[in-house]
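The chain below stands alone and is given as structure tokens, in the form predicted alone.
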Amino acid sequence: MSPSLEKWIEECASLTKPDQIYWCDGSEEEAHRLIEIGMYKEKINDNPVFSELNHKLWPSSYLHRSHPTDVARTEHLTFVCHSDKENAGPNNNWMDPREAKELLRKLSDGCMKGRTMYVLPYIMGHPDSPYSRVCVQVTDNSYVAASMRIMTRMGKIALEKLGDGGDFVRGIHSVGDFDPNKRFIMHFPDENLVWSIGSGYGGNALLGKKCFSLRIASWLGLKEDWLAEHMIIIGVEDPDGNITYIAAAFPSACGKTNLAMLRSTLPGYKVWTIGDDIAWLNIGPDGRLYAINPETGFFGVAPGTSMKTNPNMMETLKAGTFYPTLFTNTALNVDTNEPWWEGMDGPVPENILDWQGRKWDKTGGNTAAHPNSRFTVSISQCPTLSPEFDNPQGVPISAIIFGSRRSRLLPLVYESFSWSHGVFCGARMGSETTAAAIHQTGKLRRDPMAMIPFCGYNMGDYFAHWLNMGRKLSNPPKIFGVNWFRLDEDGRFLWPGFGENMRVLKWIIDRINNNVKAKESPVGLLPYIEDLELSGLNISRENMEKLFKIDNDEWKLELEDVRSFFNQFGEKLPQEIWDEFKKLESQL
């Protein structure tokens, strides 16, 4: 056992004062024990932490209802505490590290009285990977402990990798009393420390996820020449058996999990899933960009998930292994004891309890499942899991996709002119917002590389880091943009999406392999419509042309908003980004 780890756990216990300390070993027996503790010994808002669901229809599945005030990331209470405020940048809330720790110590003093402190040793990434990291989190919540076992490689394997050393990422978590006024998620990048109190929601409490794997890891990547990104990783197999690996960034709840597990409508094409949320991108010995998924599970948005939109995920949720599957803030079909959410297959059940356990009136105007209700499930259950998932070196990335949810403006797909132009395209990304964070749904929000809530340092430096990475790659991936969400004049989607998105992926792969040409537009290289595989698709030529229409006046308004966004980074914004901005401005 690492002396540094033992000393740190003693310090955490001395501050938080739990009744007992439990070291998690990651075993199957322990997984059941954590669920039983949550069913019979722990409560949240007078509800048990877990309720058993119908295991005949949903094997090993349990329902969790969070505190009503604790249903999403709380970005206004999330801080990045660099010693130098400028390192945090305008994209982050900042607090002086000494002030932050003083505040947290007061809130954490005795916060685990009457509870168990669970010690969660875990690894992000494959244990044999040169890119993996050992982490340890303490928590007082069985839901968090059970979730971390699904999402990470947790237990003895992490302690063995750490050995006697002291190089591990530290995470302190307590739900406290769920008071939103005492809720903070604090990051200390220079100390590899995350400290969270007052929330049990995944993004605020599963500290290996957004907190370490993106906010802290992005800072490590800046210092060590790699990238920690909010991206899916997929392998696209063509009819000849060739596999092209792609990383793609989408804001939360904008279809990235659907794409990560896409079931192709094109004969002979298949998507292999490596990850649906986080990619660590490193320069390999051959000068190419390689990606690993540091996680081992899915923490996905339930509403809208169905056999139509994501059949592979529905099969994953019903596969059943020795890992439990957790549903958070979904509704409950009382008659069958099944989870239910809006967008699910089949008719709406008659007898439903909403996400807070109240009888639901379908005519009342409220959704039964919370719009940000979630499932937590092991990636091992995924029917499309790539054989390369456990490759310690990762997979070579040939394309990077930046996706946005825009009802107008952006074409269905475009290719950047160069690496620097692709970074500019990622830097100006904007998307119409969803329910994954607390803000107004449907409002346009600038979200560069889908990282605005997750970049652990000044985004001006982040853009420069992307540009520097491109210069160090001997064969950089091509960069593309996609937008599945463009609407016609009547507010209907022009593109069918879901499995049909394989047609767009095929064009991207054709461009990687120089099999088709493209035409220039001010915003990037666009397909010739005849080069898109559209056979069997019921969409008119007129609507296809609308999907690629570039409205110069709309783009001029867009650039004014982009200029305002870029200006906040001052001298930190790289000149190459402004150069690309001016090129687009002049072409319009």
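Numbers follow the displayed sequence, beginning with 1. None of the values given here were measured: they were computed from a predicted structure.
Quick note: we don't show the form predicted in complex with a small molecule, though the next part is all about it.
- When the small molecule is considered in the model of the complex, residue 277 lines it closely, a heavy atom lying within 4.5 Å.
- The small molecule is not shown here, but in the model of the complex it comes within 4.5 Å of a heavy atom of residue 202.
- For the chain shown alone, residue 299 is a contact residue for the small molecule in the model of the complex, at least one non-hydrogen atom being within 4.5 angstroms.
- When the small molecule is considered in the model of the complex, residue 374 lines it closely, a heavy atom lying within 4.5 Å.
- No member of the trio 101, 182 and 196 reaches the small molecule in the model of the complex with any non-hydrogen atom inside 4.5 Å.
- In summary, among the residues 252, 305, 325, 78, the only one with a non-hydrogen atom within 4.5 Å of the small molecule in the model of the complex is 252.
- Checked against the small molecule in the model of the complex, the residues 170, 209, 405, 370 give one hit for a heavy atom within 4.5 Å, which is 209.
- Of the candidate stretches 265-273, 379-387, 114-122, 209-217, only 209-217 has residues with heavy atoms within 4.5 Å of the small molecule in the model of the complex.
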